[in-house]
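Take a look at this single chain, the form predicted on its own, given in structure tokens.
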Amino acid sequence: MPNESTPSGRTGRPRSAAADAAILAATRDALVELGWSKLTMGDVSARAGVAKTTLYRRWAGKNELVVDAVAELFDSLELPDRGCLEADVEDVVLQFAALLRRPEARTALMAVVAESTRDPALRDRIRSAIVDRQKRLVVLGRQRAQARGELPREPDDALAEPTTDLIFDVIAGTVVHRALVSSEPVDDLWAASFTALLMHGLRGSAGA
């Protein structure tokens, strides 16, 4: 659970969780209204009701601030325990799609991804603050499935991380493409069809 202490990946003294939340919410609101190119640290500080120096004590600049504003949204995703891996995955897919329907999530995510094509440091921050943190859902889901006997355990621990990366890429990449690139609905029927295809691949690779 988040607390008042400095969030992972940032340096500095402990600070107010309420102030952080207000700043990150103001960042998302400003991004929706102004867009990436017009957004400034001054806009955010004015909307959040804090001094600009307060922002710079927490974040080095706009890139870091916007990535953390996006990461906070993704941290709300949770893996339910519905009794089987297929149902768990369907639930997460629908949660993810619902998140991407929110204007602040769509705008913020597309903005940082577009900007990261020109900024390797920003790509690294996206990877550490968003991608790597959300792989926790894949790890938890596989652990539960293995405990239930739905999936075998890896004979070699060195295989676990690449498999986790691949599963994450397949799920995240497919849902983002469907929702943001193709602009097609991610509804119950689509989520069930996609999950069935994913499960077929997982079971097939496990039996190979």
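If you're wondering where the values come from, they're calculated on a predicted model, not measured in any experiment. Between two forms, the rigid core is the largest collection of C-alphas that superpose within 1.5 Å. Residue indices: 1-based, along the sequence shown.
The following text describes the form predicted in complex with another copy of the chain, which does not appear among the structures shown.
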{"query": "Stretch from 48-56, 147-155, 33-41, 64-72 whose residues place a heavy atom within 4.5 Å of another copy of the chain in the predicted bound form", "finding": "33-41"}
{"query": "Output flag, Asp91, Gln95 and Arg136 jointly within 4.5 Å of another copy of the chain in the predicted bound form, heavy atom basis", "finding": "no"}
{"query": "Option touching another copy of the chain, based on a heavy atom within 4.5 Å in the predicted bound form, out of Leu99, Val113, Leu85, Leu79", "finding": "Val113"}
{"query": "Non-hydrogen atom contact Ser193 with another copy of the chain in the predicted bound form at 4.5 angstroms", "finding": "yes"}
{"query": "Contact label in the predicted bound form: Ala17 to another copy of the chain, heavy atom within 4.5 Å", "finding": "no"}
{"query": "Contact test in the predicted bound form: Val131 vs another copy of the chain, heavy atoms, 4.5 Å", "finding": "yes"}
{"query": "Contact label in the predicted bound form: Arg178 to another copy of the chain, heavy atom within 4.5 Å", "finding": "yes"}
{"query": "Heavy atom within 4.5 Å of another copy of the chain in the predicted bound form - qualifying residues of 45-73", "finding": "none"}
{"query": "C-alpha of Val32 moved at least 2 Å between this form and the one not shown on rigid core", "finding": "yes"}
{"query": "Rigid core superposition, Glu78 Cα moves 2 angstroms or more between this form and the one not shown", "finding": "no"}
{"query": "Core-aligned C-alpha movement of Arg142 between this form and the one not shown, 2 Å or more", "finding": "no"}
